[in-house]
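Read the single chain below, which is given as structure tokens and is the form predicted alone.
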């Protein structure tokens, strides 16, 4: 049974922030591009709502759409050879808010350097998804997922320290 308008509104309210964070991880923390991608994800959810078969949870279905949308964006950017400008500030500000924002930007920059699978896994971990659901989205066993998460965290820590 396809999603109805009220269900879609509930799904949008529940998942938009999570999808936005996932998209930010794919576009190096660029808020504007990530917002466009998140909106595109929910347009696809609405357009393809009749195809949702409830084989997996709604959140798993939405994450798969989000990942595919982000990967398509990255391919388009590579073909068009977009030149991205990093927005890291030249110096740290004394304000806690700015320092926190800078740390987030460094984290997104580190995540951006990971391969696409590692990026997906760490973004879903940061979103707080259960390992079982992440394994389902990525298509690997839960035990392999745990190994990958350990390696990704070590690699990400090195990238952020550089």
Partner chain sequence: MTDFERIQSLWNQQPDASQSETAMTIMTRAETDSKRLLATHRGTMVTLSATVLILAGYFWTYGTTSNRTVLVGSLLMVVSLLLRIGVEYVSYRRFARIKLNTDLRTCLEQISAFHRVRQQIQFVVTPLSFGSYVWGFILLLPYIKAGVSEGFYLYIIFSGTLFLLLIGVVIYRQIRGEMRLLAQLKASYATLLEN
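Numbering follows the first chain given and starts at 1. Keep in mind that this is a model prediction, so the values were computed, not measured.
A second form of this protein, the form predicted in complex with its partner chain, is not displayed here; the remarks below concern that form.
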Taking 4.5 angstroms as the cut-off for heavy atoms, does residue 115 touch its partner chain in the model of the complex? yes
Wondering, does residue 56 line up within 4.5 Å of its partner chain in the model of the complex on heavy atoms? no
Distance check, residue 28 to its partner chain in the model of the complex, heavy atom within 4.5 Å: no
Residue 109, heavy atom within 4.5 angstroms of its partner chain in the model of the complex: no
Residues in 52-71 with any heavy atom within 4.5 Å of its partner chain in the model of the complex: 61, 64, 65, 67, 68, 69, 71
